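Taking the form predicted alone, here's one chain by itself in structure tokens.
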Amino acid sequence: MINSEIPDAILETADPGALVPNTPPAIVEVRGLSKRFGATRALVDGSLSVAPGEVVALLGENGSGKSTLVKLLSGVLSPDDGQILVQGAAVRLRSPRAALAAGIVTVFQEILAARDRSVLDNLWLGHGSPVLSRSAVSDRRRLASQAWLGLSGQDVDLDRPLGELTLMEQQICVVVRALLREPKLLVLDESTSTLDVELRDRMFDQVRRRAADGMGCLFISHRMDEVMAIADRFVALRTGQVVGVRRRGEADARELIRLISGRDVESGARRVGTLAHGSSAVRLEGVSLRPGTKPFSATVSRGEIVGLAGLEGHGQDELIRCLAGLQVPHAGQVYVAGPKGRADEEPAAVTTYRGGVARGVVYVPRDRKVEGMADVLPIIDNYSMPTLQRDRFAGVLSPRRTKSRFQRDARTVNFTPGRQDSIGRLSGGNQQKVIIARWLAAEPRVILLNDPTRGVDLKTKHELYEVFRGLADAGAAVVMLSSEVDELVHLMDRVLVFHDGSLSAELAGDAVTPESLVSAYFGSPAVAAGGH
């Protein structure tokens, strides 16, 4: 129960008729929350509840109001109207500290951590006194190690700077930090987007176990398979309003998609590349990604979309960075065709990022916040940085040329610039559209996409798929690392699957199925029949 000791919280009087007699109050209930930013109504009517032991999925496209509702629950924003009730008591949460004290713990979509501090420091960041006895420090290390092992199945060096860990390990850190706070309500906002299938399932097991002990969970994901697997109830938002609530068993994935979008969104038939047998754009010869791993060779042709897949940390991320020239393989070479893409042109080895760019290779990174954009700069500056020299006339930059190019490429990715000046104010999907538009402006011959639809809603995903298909149909080679099985099945011409640091299976055409992919993830050759 919330009491007057909660910092920055103001208790209010709840509507006495809102609760049914003799029923336990919801852990959290929100009624008619609204939030306006100038002329924009980000949230019109946010109403939902989460009962003890319940997992509620909050569904909606980018811009539907999900993030605003999460920030209101987390004390980051204050509502213009409406109520938040915690265990039956209405309360205004004036800060994140107040929300934490009320037992509401949020794992936000972006990884919020101090990358120069140790893993241990990050796990206990903002929790308790910074001055601890030796025994208290020892207890924290023990609890941290146990919690990390319970979620990841592996040990971690607690003294290692967090910034040295992979993106997935950093995500594990913020989830473990939330679990260490023993939340009454755990809010997971796209917290699975950097996790592989195995780790995602381990996190779901943790959520289910804690829900059995009475914890509630508000779960947000654009992946319908995850939503259907974990949620007891589904709440759909559209244009800032709750448009429907369904219980498990009352709706399938198609019905939920129709509810949140107001239309049917088809996954589409398998793509058939028009230039799938074009000349080679990328050639890998005897590549070994790590010491002791089996070398492999492969090619990517012009007009082809090739997927890279596998459990996190099994080599696909290393390969795409090698293709971009961001790292060098342990052995072997990455070759890229000449500027004109003719079969008789001499390919060149790519060993640096600059060398790849010179050959028409562009790279869209996985962590757009850290590697992909300068979030304090205007949208158009983020778009134009790599190609600004194209806008010079007689040695002088022409802002008009830059604006004209931006409008052209923004239309291609279906992005409509609004009043927002900083790219950091855009939704995740629109940020990704700007980043991809930036590289369309470079007229790439090879485009490398590192999990480009992470944290992006279904509508935006399909818009991006059309962009990628258009690039391939125009003759570019598209290499895309993806963590989504459905995406691999419906978008790719071929899929290269990695296991234990090497290429373990190559699937093409009708051989690309959910069963064959998952089997190949775990190194099983029985289903993953292919070229390797």
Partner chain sequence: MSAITSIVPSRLRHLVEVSPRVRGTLTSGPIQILTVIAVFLVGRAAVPGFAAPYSVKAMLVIASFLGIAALGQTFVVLIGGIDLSVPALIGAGNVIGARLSGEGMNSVEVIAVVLATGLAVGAVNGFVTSRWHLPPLVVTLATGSVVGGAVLIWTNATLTGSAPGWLTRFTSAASSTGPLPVAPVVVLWLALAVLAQLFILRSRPGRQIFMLGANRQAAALMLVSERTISALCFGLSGALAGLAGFLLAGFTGAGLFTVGDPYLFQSIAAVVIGGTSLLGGRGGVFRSVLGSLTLVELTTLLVGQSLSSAAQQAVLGAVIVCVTALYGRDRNVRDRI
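Numbering follows the first chain given and starts at 1. All of these numbers come straight from a predicted model, not from anything done at the bench.
In what follows, reference is made to the form predicted in complex with the partner chain, a form of this protein that is not presented.
> With the partner chain left out of view, choose which of Y353, W124, F108, Y335 has a non-hydrogen atom within 4.5 angstroms of it in the predicted complex.
By the 4.5 Å heavy-atom cutoff, the listed residue in contact is Y353.
> Of the residues P291, G153, P399, P130, which one places a heavy atom within 4.5 Å of the partner chain in the predicted complex?
Exactly one listed residue reaches within 4.5 Å, namely P399.
> Looking in the predicted complex, is the partner chain within 4.5 Å of a heavy atom from each of G372, R392 and R438?
Yes, each of G372, R392 and R438 comes within 4.5 Å of the partner chain in the predicted complex.
> Even though the partner chain is not shown here, does L162 get within 4.5 Å of it in the predicted complex, heavy atoms only?
Answer no; every heavy atom of L162 is more than 4.5 Å from the partner chain in the predicted complex.
> In the predicted complex, does L120 have a heavy atom within 4.5 Å of the partner chain?
It does not: once the partner chain is placed as it appears in the predicted complex, L120 has no heavy atom within 4.5 Å of it.
> Under a 4.5 Å heavy atom criterion, is N382 part of the interface with the partner chain in the predicted complex?
Flag for N382 set to yes.
> Is V376 near the partner chain? Define near as a heavy atom within 4.5 Å, in the predicted complex.
It does: once the partner chain is placed as it appears in the predicted complex, V376 has a heavy atom within 4.5 Å of it.
> For the chain seen here without its partner, which of 384 to 392, 226 to 234, 187 to 195, 80 to 88 has a heavy atom within 4.5 Å of the partner chain in the predicted complex?
One stretch meets the cut-off, namely 384 to 392.
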